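A single chain, nothing else alongside it, follows as structure tokens in the form predicted on its own.
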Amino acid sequence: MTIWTELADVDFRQAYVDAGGIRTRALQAGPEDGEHVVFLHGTTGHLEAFVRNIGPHARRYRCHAIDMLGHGYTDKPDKPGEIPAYVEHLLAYLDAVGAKKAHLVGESLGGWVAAWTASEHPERVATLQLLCMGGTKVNPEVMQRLKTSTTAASLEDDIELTRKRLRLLWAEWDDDLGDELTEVRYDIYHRPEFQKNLHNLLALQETETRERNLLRPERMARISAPTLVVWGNKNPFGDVPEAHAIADAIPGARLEIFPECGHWPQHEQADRYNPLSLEFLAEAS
């Protein structure tokens, strides 16, 4: 199984979209007149995080998995990656593709951005899915682990360090796509423009910066979009009580805990996640 076989039954295109002057890589699929679903990856990630999800969703929805601001193969402006900047870029992408409103699916950092967008721009968000969302806590140990592992994987010429960084995300190594995703991430991490921009991508792992970007309960309480929170019970970056706190803070949120799952529930347990997501979208539409 490869990325290509995951997408074999999907009519898709890789596009570069001008999103407010930022050349943004996107994987687009599904009926052009369908409701928009936008998938947002995590810190120093890339759109391939959702290759197991595009196909099932694209049968009904217009799907967009994007490389977020400064990430993947998207442009990398020299400014700290703080949440309002990511939100501004997301809204510019929605404007560029003519999406007045979208269903947002965010993993980790992507969930943080999606939730912030829903709290600030409720008219643009149809529904919200938060997959192992970050941004509600300051945990120096987790932040240091992320900084150290990512910096080593990017600045040292050893693909095993990239593989190790990817392994952090999963409860069990992915024998099907793990090596291929490692190759993609290694290429991204070792591009000079990525290495030059790395400090900006890791800005939210600094305590002072993170504090002013935190998703506090009062902000989450402002979210009015129907919300699904998905969490892995072996998530290395946040324990299960954190998931309950998020679901409790967002009015009417639904919580699903995936057993034997790490930080990428949409990938690790795609056979469970995809039907859940599609059921949630159908009920909320």
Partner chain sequence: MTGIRFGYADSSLGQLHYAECGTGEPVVLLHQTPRSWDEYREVLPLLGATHRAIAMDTAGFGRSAPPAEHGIEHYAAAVLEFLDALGLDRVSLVGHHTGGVVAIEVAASAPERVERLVLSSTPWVDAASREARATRPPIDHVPVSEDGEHLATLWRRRQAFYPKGRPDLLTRFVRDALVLGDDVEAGHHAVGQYRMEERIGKVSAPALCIGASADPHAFPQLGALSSRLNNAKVVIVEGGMVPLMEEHAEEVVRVIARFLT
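Not measured: the values here are computed from a predicted model. Numbering follows the first chain given and starts at 1.
One more form of this protein, predicted in complex with the partner chain, exists but is not displayed; see below.
> Which one of these stretches, 176 to 184, 156 to 164, 84 to 92, 118 to 126, sits within 4.5 Å of the partner chain in the predicted complex when only heavy atoms are counted?
Every other range fails; the passing one is 156 to 164.
> Verify the contact flag for residue 192: yes if a non-hydrogen atom of it lies within 4.5 Å of a non-hydrogen atom of the partner chain in the predicted complex, no if not.
Residue-level check for residue 192: yes, a contact with the partner chain.
> In the predicted complex, is there a heavy atom of the partner chain that lies within 4.5 Å of any heavy atom of residue 144, even though the partner is absent here?
Residue 144: contacts the partner chain in the predicted complex.
> With the partner left out of view, is residue 148 within 4.5 angstroms of the partner chain in the predicted complex by any non-hydrogen atom?
Judged by the heavy-atom cut-off of 4.5 Å, residue 148 is in contact with the partner chain in the predicted complex.
> Taking the shortest heavy atom distance, is residue 101 within 4.5 Å of the partner chain in the predicted complex?
It does not: once the partner chain is placed as it appears in the predicted complex, residue 101 has no heavy atom within 4.5 Å of it.
> Scan 96, 168, 152, 214 and let me know which has any heavy atom within 4.5 Å of the partner chain in the predicted complex.
Filtering the options by heavy-atom distance leaves 152.
> Quick one: 11, 13 and 25 and the partner chain in the predicted complex, is every residue within 4.5 Å by at least one heavy atom?
Zero of three within 4.5 Å in the predicted complex.
> For the stretch 187 to 202, I need every residue with any heavy atom inside 4.5 Å of the partner chain in the predicted complex, listed N to C.
If the 4.5 Å heavy-atom criterion is applied to the partner chain in the predicted complex, 187 to 202 yields 192, 195, 196, 198, 199.
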